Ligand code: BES
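Only one chain comes next, encoded as structure tokens, the form predicted alone.
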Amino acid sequence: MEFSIKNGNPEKQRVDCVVVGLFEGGKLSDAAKSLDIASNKAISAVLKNGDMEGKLGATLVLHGAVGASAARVMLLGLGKQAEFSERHYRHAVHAAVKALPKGVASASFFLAELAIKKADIHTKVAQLVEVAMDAAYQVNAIKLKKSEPKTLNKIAIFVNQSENAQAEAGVKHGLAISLGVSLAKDLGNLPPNICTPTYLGEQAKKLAKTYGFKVEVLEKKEIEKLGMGSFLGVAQGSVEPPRLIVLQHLKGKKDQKPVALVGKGITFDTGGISLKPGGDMDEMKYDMCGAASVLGTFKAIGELGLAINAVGIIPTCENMPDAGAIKPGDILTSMSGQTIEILNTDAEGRLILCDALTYAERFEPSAVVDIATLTGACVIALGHHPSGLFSNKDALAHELLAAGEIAHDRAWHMPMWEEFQSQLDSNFADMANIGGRAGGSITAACFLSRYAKKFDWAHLDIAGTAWKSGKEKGGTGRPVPLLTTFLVKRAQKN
């Protein structure tokens, strides 16, 4: 989609649709007032007749409104003016894009003029771009192509002329995050027979070529040389070869220690020998959304040319129940030398992440954040709104929480007290790979923490936020907005 910043009056725009807002109680935005005057009070008449009350997200499209050059005028409900916030603004923009009639290819949005506490023009424009891209996203499905009506491809965002520079920066920022989110969605939505570990490696190479990243895609023999016995244990049940993907974005100062993002890349998870139930198992193609979020974040910071050093590490494989697969009772030796008793082969994400965390040590990172669709227990604890956040450093956790609030991609700080560690005790190895049902998301984080003692570390459990089920089934692209905002804020401090 193409976005542009423009100045002017709503009644003079020759586009398929002009979008203006109004609050409950008949309070018109400035743009709506201008259109109302030009149309001889046509909007006021709509309100008087009760056809539009201004409730949040409500829409009404006027065709051929007298006095307007646009083919259509959309009236967009903004709710109660006293309560109007960034969340309401985003909700309204999403509703407007979804409600645009088929055949609308170009639209002019007069919404950035709306007053929102603590939101400047850069923020409002960036969020409009992000939300519009999200609402207009279409699943990259593999279907027989059919001719479809022309769809929205141009949005003009109207601001005051004095705000042009900030608004243009807002478009760049919002578009960068949106492109990263779209990539993460596309990768998650692809079927697992296409989106394999090899495919993810190819996508990383394409990103590197486009944005100038350094890239390595390590194959099985190279992974064996590293001593990643835990990672390879998970991979050994599949005919698909594993990959260890390493991306480096080096736009910061030469002596600046990098931030490392580590993404879980299980491209399909059957549960292994501890086989999952058949119902909804198709959704286990989304078990690589941690990896997808790392690739999406790298696309975003590549678009921004962000002045930071960042490393992306993606261990990727399938978890299959082959005759050669690991089984309960097996003991694996991780890259760190620590041994792991396998009590459940469906707790495989932590087994590939632990070796990737050990690998991250060689970069001497300033911080490491791993991202994983790790536990169903996190969904039970937090539902589908926030991601679960665990950390061995409160300051790092607070950075991520703040970034999530800014990006509207929230996380919730979970406990990881020493008392939970004993649940991982094993009679036969240094640790077990599960700690029982109680506090399952916490003991999973405790497991990973044993491989993150040499750096500041945080873990994002995105099992509840990476995709949606049901009628809206598909990847969400989270937590690309959170991660990108976190890196942007870090770059501003350096």
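Predicted model, so just to flag it, every value in this text is computed and none were measured. The first residue of the shown sequence is 1; numbering continues from there.
Keep in mind that the form predicted together with the named molecule is missing from the display, and what follows is about it.
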Please tell me whether any heavy atom belonging to Ala463 falls inside 4.5 Å of a heavy atom of the named molecule, as the geometry stands in the predicted complex.
yes
Please tell me whether any heavy atom belonging to Lys124 falls inside 4.5 Å of a heavy atom of the named molecule, as the geometry stands in the predicted complex.
no
Heavy atoms within 4.5 Å of the named molecule in the predicted complex: does Thr373 have any?
yes
Taking any heavy atom pair closer than or equal to 4.5 Å as contact, tell me whether Leu76 reaches the named molecule in the predicted complex.
no
Only one of Ile434, Cys446, Ile43, Ala458 has a non-hydrogen atom within 4.5 angstroms of the named molecule in the predicted complex; which is it?
Ile434
Find the only residue in Lys276, His91, Arg72, His413 having a heavy atom within 4.5 Å of the named molecule in the predicted complex.
Lys276
Picking from 200 to 208, 81 to 89, 251 to 259, 346 to 354, which part of the chain touches the named molecule in the predicted complex when contact means heavy atoms within 4.5 Å?
346 to 354
Contact check, 377 to 401 vs the named molecule in the predicted complex, heavy atom within 4.5 Å, ordered by sequence, gives Ala377
